[in-house]
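Quick heads-up: it's one chain on its own, the form predicted alone, in structure tokens.
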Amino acid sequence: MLLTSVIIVLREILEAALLIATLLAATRLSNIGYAWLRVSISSGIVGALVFAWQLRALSNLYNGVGYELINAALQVLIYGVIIVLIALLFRLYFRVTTNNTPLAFFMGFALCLSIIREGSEILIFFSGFLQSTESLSSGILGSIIGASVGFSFGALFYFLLSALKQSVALVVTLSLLILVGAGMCSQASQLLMQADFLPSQRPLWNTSSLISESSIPGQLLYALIGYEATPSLLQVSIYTGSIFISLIAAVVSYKVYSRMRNKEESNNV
């Protein structure tokens, strides 16, 4: 139980911690402050508690696959918010506007959704052994270890991003958001396969012998890029398609806002 708790909590905490680190690094490009962070974390915790509390009712929806469908919908929604953030970060970088309220809102929204999803899974995991004192103590200890490792990686990640130049930090931040978004879509497709909304397929490859999903490197890659040792052709297609769409959004945003900036500068001359 101790090792299981470490792995599960580490996986969920890592995803949220790395997203927080990436978004915090994005705030260095602006002067929006950290009020959005407090609001999104508190809202996400409340949402996770409600989600876990209503688990039985939600799971019974859609012929017993309500949990999978809602979880997948949350991940696709996070991906959609990341697309919006890509555009807003370019708008901020080219200083097309001084109004950073939309950026703060969508960063907070993305983080809130992530905490609801990750937090509810941790709460659901714990609810399974609350009746056993021995299992509970092992679970709590494992959770402390997993959370400590996860937040430590998140903090290290943030300080590494903070040490970069602004232009380099923007590229790295956008790259990470694109990879995180693609990972969300891949995980959503796996949930839809479990719910029989997408066809199940045989895995294209198996890299478990190289990087196990239950190892710390595997969990770190899972949080960063949605790593899975045995992906199917459909999952790989959705993953690469998500990256492609994100790149298109980035290129279009870059061209639009760079032109707007250049036009503004020419008008000021």
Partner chain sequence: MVEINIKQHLFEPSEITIPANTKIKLRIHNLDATPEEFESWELNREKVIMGNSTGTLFIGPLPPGIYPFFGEFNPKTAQGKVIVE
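Superpose the two forms; the largest set of C-alphas matching within 1.5 Å is the rigid core. Numbering follows the first chain given and starts at 1. Nothing here was measured: the structure is a model prediction, and the numbers come from that model.
In what follows, reference is made to the form predicted in complex with the partner chain, a form of this protein that is not presented.
Heavy atom of Ser127 within 4.5 Å of the partner chain in the predicted bound form: Yes, Ser127 is a contact residue.
Proximity of Thr230 to the partner chain in the predicted bound form, heavy atoms at 4.5 Å: Yes, contact at 4.5 Å.
Partner contact for Val39 in the predicted bound form: the partner chain, 4.5 angstroms, heavy atom: It does not: once the partner chain is placed as it appears in the predicted bound form, Val39 has no heavy atom within 4.5 Å of it.
Heavy atom of Gln190 within 4.5 Å of the partner chain in the predicted bound form: The answer is yes: Gln190 has a heavy atom within 4.5 Å of the partner chain.
Answer option from Thr27, Ser43, Ser214, Thr207, heavy atom within 4.5 Å of the partner chain in the predicted bound form: By the 4.5 Å criterion, the partner-contacting residue is Ser214.
Residues in 63-88 close to the partner chain in the predicted bound form, defined by a heavy atom within 4.5 Å, in order: Stretch hits, in order: Asn63, Gly64, Val65, Tyr67, Glu68.
Large Cα shift (2 Å or above) at Val9 between the shown form and the other one, core-fitted: Shift of 2 Å or more: yes.
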